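Only one chain is shown below, in structure tokens, and it's the form predicted alone.
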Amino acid sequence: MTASLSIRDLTVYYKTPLGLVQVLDGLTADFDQGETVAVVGESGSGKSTMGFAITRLLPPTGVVEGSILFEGQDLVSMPQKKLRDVRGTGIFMVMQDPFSSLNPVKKVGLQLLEAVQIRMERRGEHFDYESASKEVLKRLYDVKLPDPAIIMTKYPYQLSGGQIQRVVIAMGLLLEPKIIIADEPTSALDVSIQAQVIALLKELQQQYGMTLIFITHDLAVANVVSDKVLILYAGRLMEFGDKRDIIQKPMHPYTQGLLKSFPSGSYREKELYSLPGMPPSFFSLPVGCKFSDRCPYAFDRCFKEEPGILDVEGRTVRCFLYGGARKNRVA
């Protein structure tokens, strides 16, 4: 399968009054055309930073190193003027807060028509208002919004959060991107609407053959939506592989802990498990493995040396349990 996006040694720092703080460390991963990859981790693991680094929408304090290859071009070194042509029609990002993606003083229909106009202008095509309006209505039907013609006449504040998120997804479809990055797209919605939006994203991804990068803290959601799962912790890739392999046979202790924390997961005990402790602060990361303080299998080496990336049974894992001696366990 052809890689739609290739990330190599992606490292992200933020400039702070205390100096540079590293939030992503040497992330390397390929996202294949037409597949869904769930990026999973607790809050503060670097998930959203990864999404903003790919789209080059980091704040001015962000510093990016490494490479992000999209259609053979490196987004890290790409000039801002050219990046504007990639955003939207190449890579589209669905934000955690859907209202932040729309202009509050413009009607929904006008904003969706502008998306069609942007796409056609970038392709050197003639914009026709009548045909564009029909296309907008079709996409609103595609995202299962009732009465699309009425929705087009509304301002964003007149719609619910679930409706706005569907409008944003429709905008993404109108731009016809190769990749959609969905950053916790259901966290601000109630449970029933969450399930509808997740099902909708998966359905549209399969229908239009886009690559979907779905950022979430919830492995249960990842199990529903993804083909592959990428586990992040403290800005490090901990495990990456096919969803079925990771859900049925998690290798990294952190992945095991996340799965046992969900009562609906396939990897569970009689009592609901809770991961001990909290993720470390990026201002004071521990020496050695960043998960060592919370790991039930940690031994001496884990506290002194950070494990490298290994290829084990067709997946990527960062853990000494699969690449060295296991004696002298501390926990």
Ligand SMILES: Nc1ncnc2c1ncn2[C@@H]1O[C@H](COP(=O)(O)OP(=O)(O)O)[C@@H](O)[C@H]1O
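Note that residue numbering begins at 1 and tracks the sequence as displayed. The shown structure was predicted, so the numbers you read here are calculated from the model rather than taken from an experiment.
Missing here is the form predicted together with the named molecule; even so, the following discussion is about that form.
A.B. asks: Using a 4.5 Å cut on heavy atoms, which of E42, D30, E65, E35 is close to the named molecule in the predicted complex?
C.D. replies: Here the answer is residue option E42.
A.B. asks: Taking any heavy atom pair closer than or equal to 4.5 Å as contact, tell me whether P276 reaches the named molecule in the predicted complex.
C.D. replies: Flag for P276 set to no.
A.B. asks: Heavy atoms within 4.5 Å of the named molecule in the predicted complex: does V23 have any?
C.D. replies: Yes.
A.B. asks: Can F282 be called a contact residue for the named molecule in the predicted complex at 4.5 Å between heavy atoms?
C.D. replies: F282: contacts the named molecule in the predicted complex.
A.B. asks: Quick one: does T49 come within 4.5 Å of the named molecule in the predicted complex, counting heavy atoms only?
C.D. replies: It does: once the named molecule is placed as it appears in the predicted complex, T49 has a heavy atom within 4.5 Å of it.
A.B. asks: Heavy atoms within 4.5 Å of the named molecule in the predicted complex is the criterion; list the residues of 102-118 that meet it.
C.D. replies: Going through 102-118 in order - heavy atoms within 4.5 Å of the named molecule in the predicted complex - there are no hits.
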